[in-house]
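The chain below stands alone, shown as structure tokens; this is the form predicted on its own.
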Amino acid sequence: MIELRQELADLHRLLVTAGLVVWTAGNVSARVPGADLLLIKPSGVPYEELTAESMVLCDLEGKPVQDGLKPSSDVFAHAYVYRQRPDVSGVVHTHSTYATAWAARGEAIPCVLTAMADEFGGEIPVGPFALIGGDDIGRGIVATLEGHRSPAVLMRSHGVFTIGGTPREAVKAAVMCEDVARTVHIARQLGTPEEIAPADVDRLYDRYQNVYGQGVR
């Protein structure tokens, strides 16, 4: 498990490098393979102080299973996603500026870029408003993403949550979400960007997911 702990610490640093988080906000979690457990960022600890050892081990109800640091206040949302989505092994939460601006407006990001079709398979949807501290956010994430190919959801008046088959995939989705949110925002200042036709979105998504690259995401 030490390797997973170190990967999680490294991925938190990627959030900082990508400019997706400030101060202590945001978090990454990882499902522990072969166990009903997850690892997540400790609550209120600055990113520069995070280590592999400081990641908090919890069960899939969000309760710590060892003495030590308290888990992120978002742990119950993450835990709910893992309970409902066995295909998910990584969850990320950020308040990245442009994507969160769309969330503040309660507006989905329309699929007007090939990069969006590639990564998200369509629009990035908006989930409901939910208070922090319980599993209501997790319920909103799961319900909103049902039937969507998007690994990202904009939780209304809150921020971005992304999921992935690995923690790194979830971080990639968070990075890409902010990138396209910024680009589409700028495009909207210039006019009304045209959405890509659904059939073309399907073709772009299939190419990117199944042909692009060297077989490693």
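In case it trips you up, residue 1 is the first one in the sequence shown, and so on. In this text the structure is predicted, and so the values were computed from the model without any measurement.
Although not depicted, the form predicted together with another copy of the chain is the subject of the following passage.
Query raised in the report: Tell me, which of Val126, Val88, Leu145, Leu113 has a heavy atom within 4.5 angstroms of another copy of the chain in the predicted complex?
Result: Result of the distance check: Leu113.
Requested in this report: Specify the contacting stretch among 174-182, 58-66, 145-153, 30-38, defined as having any heavy atom within 4.5 Å of another copy of the chain in the predicted complex.
Outcome: Contact-bearing stretch, as computed: 174-182.
Query raised in the report: Wondering, does Val211 line up within 4.5 Å of another copy of the chain in the predicted complex on heavy atoms?
Result: Yes - in the predicted complex, heavy atoms of Val211 and another copy of the chain come within 4.5 Å of each other.
Query raised in the report: Going by a heavy atom distance of 4.5 Å, is Ala52 a contact of another copy of the chain in the predicted complex?
Result: Close contact is absent here: in the predicted complex, Ala52 is far from another copy of the chain, nothing within 4.5 Å, heavy atoms only.
**Report entry** Proximity of Arg83 to another copy of the chain in the predicted complex, heavy atoms at 4.5 Å
**Finding:** Although another copy of the chain is absent here, Arg83 would stay clear of it in the predicted complex, with no heavy atoms inside 4.5 Å.
Query raised in the report: Does Ala9 reach another copy of the chain in the predicted complex, with heavy atoms at most 4.5 Å apart?
Result: Taking the distances in the predicted complex, the answer for Ala9 is no, it never comes within 4.5 Å of another copy of the chain.
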